[in-house]
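In structure tokens, one chain follows: the form predicted alone.
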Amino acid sequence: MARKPADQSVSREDIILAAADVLQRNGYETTTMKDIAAAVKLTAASLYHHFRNKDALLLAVLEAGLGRVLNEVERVARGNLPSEEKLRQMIRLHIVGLTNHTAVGAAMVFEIQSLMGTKNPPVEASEADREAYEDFIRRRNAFFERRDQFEMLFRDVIREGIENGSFRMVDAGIFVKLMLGAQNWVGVWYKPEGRLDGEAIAEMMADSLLRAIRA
């Protein structure tokens, strides 16, 4: 099949999802922009029109993974439901989101560390390259702040439940890391053709986690 010409539009979401699939198969270090361009039938030059480099594309994948669920989880966490029901719904939103986009979920597990390996531009870099790097660093820092915010929403609900007697006394920070670690790995091992769908897995995991913390 012929590749799309450089001037033919391809949606940003299509590129991000294709990049996540390629990263899942090949890993960040061996993936090239040419690999990702081929996945959406673009020339490499056309892909660079959308994303300046592989680091920027990886960050876009991770931003998409977090953005899909953060707002929904925050709405539940800030609502008026009982603490246990809040936590159940938050777990469900997270897990179902991961099973709907497993490649993006896998990137959230395996590729975040790659963001920290971005090198400063060389001394001979152009002003445009320096500005692009500074913008990348700002976006990267904002991503990590939003990831911390996501974790804090779960901590807040657990602390709320401890205060109102719904949950037993636990170290909220450690429990949330245990809980989110288990949830995040669903995006790695889940298979759409498996015997359980995302909703069923979310229900089972929510039941287990709530039993562990219920007063």
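All residue numbers are counted from 1 along the displayed sequence. Please read all numbers here as calculations on a predicted model, not as lab measurements.
Form predicted together with a further copy of the same chain: not shown, discussed below.
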F144: touches a further copy of the same chain in the predicted complex, heavy atom cutoff 4.5 angstroms
no
In the predicted complex, is there a heavy atom of a further copy of the same chain that lies within 4.5 Å of any heavy atom of V76, even though the partner is absent here?
no
Would you check, heavy atoms only and a 4.5 Å threshold, whether Q149 touches a further copy of the same chain in the predicted complex?
no
L178: touches a further copy of the same chain in the predicted complex, heavy atom cutoff 4.5 angstroms
yes
Within 4.5 Å of a further copy of the same chain in the predicted complex, do we find a heavy atom from each of L17, N100 and F136?
no
Of A44, L66, A182, A56, the only residue with a heavy atom within 4.5 Å of a further copy of the same chain in the predicted complex is A182
